[in-house]
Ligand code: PXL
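Next up: a single chain in structure tokens, the form predicted alone.
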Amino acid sequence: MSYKKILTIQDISCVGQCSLTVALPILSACGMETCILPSAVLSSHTGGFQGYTFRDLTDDMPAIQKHWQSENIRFQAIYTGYLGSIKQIEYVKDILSTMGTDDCVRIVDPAMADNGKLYSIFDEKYVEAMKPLCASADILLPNITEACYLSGAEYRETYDESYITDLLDRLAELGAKTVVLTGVGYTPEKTGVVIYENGNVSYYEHNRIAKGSHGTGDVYASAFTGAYMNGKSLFDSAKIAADYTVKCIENTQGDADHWYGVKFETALRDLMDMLA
């Protein structure tokens, strides 16, 4: 495997095991030179902590990009996560189109909604701004809620394979080249990921863990990116990321004090074994 340089763009939540504090160690453990562009700095994530601090770094992003361009820095992969505003989306669109190598892989996690609802900070204008960014991605990593907002499909708690196929077709019409749709379960006991590539659909199913955890979407997207950039196939990358995320959740079960994230560090050796 060649030594690859990856850029990941998302916020830093200093406490809470999400966003860049997840992406940087996971991608580094996968053997990548991992560069970061923080969109904001928070004292913690916003999912249950009170009184957190927030520093918006939107206005720093163009200057950072300009410096990189002056140094002729290019990335073989660019992976985006949570973006806090429409202005940031516009900056990131430009970065995706100008900062990659000729063979750059552009991976976009929309990170804007879950459980049928947008995150409280976002609205329909944000969704409309996100659509072109998602359409420009080589690989799109939405959950079902995000896929519904992006495609205009009705959100359903229960569904069948035809519903998922329609959802994927709509995302393809949007312009998404390849889609890895997460959180797809056809029975209460199971969930999994659907991979859509060149019109072909495959599914990897695993056990559903009833108690959810903050930050698992970031863990999944980071592990997927690391596996894919290690030369794994799309399906194998989706499977590895799913198995790793499940292991992280399992390692956190039973610890009531660790409600704010998953102990992803304890499973990094498992991820290395999967990659091997």
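These numbers come from a predicted model, not from an experiment. Think of the rigid core as the biggest set of C-alphas that the two forms share within 1.5 Å after superposition. Residue numbers run from 1 along the displayed sequence.
Keep in mind the form predicted together with the ligand is missing from the figure; the text below concerns it.
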item	value
Residues Thr8, Ala29 and Gly226 all lining the ligand in the model of the complex, heavy atom within 4.5 Å	no
Which of 231-239, 58-66, 244-252, 212-220 sits within 4.5 Å of the ligand in the model of the complex, heavy atom basis	212-220
4.5 Å heavy atom contact, Gly47 and the ligand in the model of the complex	yes
Tyr119 within 4.5 Å of the ligand in the model of the complex, heavy atoms	yes
Leu42 within 4.5 Å of the ligand in the model of the complex, heavy atoms	yes
Contact label in the model of the complex: Tyr82 to the ligand, heavy atom within 4.5 Å	yes
Rigid-core frame, C-alpha of Thr53, shift of 2 angstroms or more between this form and the one not shown	yes
